[in-house]
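Given next, in structure tokens, is a single chain: the form predicted alone.
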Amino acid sequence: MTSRFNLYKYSSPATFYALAGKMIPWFYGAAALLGAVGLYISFFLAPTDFQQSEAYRIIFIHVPASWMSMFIYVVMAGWAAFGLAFNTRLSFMMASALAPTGAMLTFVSLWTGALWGKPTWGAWWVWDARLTSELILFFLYLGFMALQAAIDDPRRADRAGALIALVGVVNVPIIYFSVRWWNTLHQGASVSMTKAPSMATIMLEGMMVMALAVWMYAIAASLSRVRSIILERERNTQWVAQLLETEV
């Protein structure tokens, strides 16, 4: 009972604000370290691809960004669903905090995909099933943020945004399985849970380290943002007034 009670206390914005502040430096530090190691492996240790030459190295940024763009949306929808089910303020705040990072990584995925597509396909963009569904994901992120910004009442904004998040989550499996369901130009998954990876071990290691770096960054950025949201939403509470007094 005691451990469960201790977990429940972090659902309070005031308690979570302090916890997030302690975690943020560690996640940013891990992101910087893993990013440096991942980039070194990806651009200096990984061999040149015999088909795509040096152009393939963009995948070490493109693939982790693509993975995280989908994963963050699922997590965002999960927080939104939790908020609707249990009416917890912090859940809605976490969903709002995740959206900008998810949108940024989706943009990185699309842009690096274009940089890879030009030398590979001879075009910056094609209306491929994978590319189009990823673009829809980007618009879902933007729609989520725009709708929340357009509604003055935070409670109504949270619920409206949650509905978009829950409806849009259907797009995530479409992105993932698009290369199987349709005849697309986009290559299939190089990493799968059911078969051996179709790349050299050092390439796989570089991609996994970069994926961890992006993951750590996404957590740190979201925690930083949720602290700002907490302060904005709780600005009229006594604990925020006391916090501002101690900082001043």
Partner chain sequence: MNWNSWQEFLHMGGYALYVWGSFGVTAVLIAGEIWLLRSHRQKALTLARLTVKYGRVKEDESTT
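Quick caveat, the model's predicted, so the values are computed rather than measured. Numbering follows the first chain given and starts at 1.
The following text describes the form predicted in complex with its partner chain, which does not appear among the structures shown.
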**Item:** Among the candidates Ala211, Ile58, Met70, Met203, the residue which, in the predicted bound form, approaches its partner chain to within 4.5 Å (heavy atoms)
**Value:** Ile58
**Message:** Considering non-hydrogen atoms and a 4.5 Å limit, does its partner chain approach Ala81 in the predicted bound form?
**Reply:** no
**Asked** Is Met216 close enough to touch its partner chain in the predicted bound form, meaning at least one heavy atom pair within 4.5 Å?
**Response** no
**Asked** Taking heavy atoms only, is Thr101 within 4.5 angstroms of its partner chain in the predicted bound form?
**Response** yes
**Item:** Contact label in the predicted bound form: Val75 to its partner chain, heavy atom within 4.5 Å
**Value:** no
**Request:** Scan 214 to 236 and write down, in order along the chain, each residue with a heavy atom lying within 4.5 Å of its partner chain in the predicted bound form.
**Result:** Tyr217, Ala221, Ser224, Arg225, Arg227, Ser228, Ile229, Leu231, Glu232, Arg235, Asn236
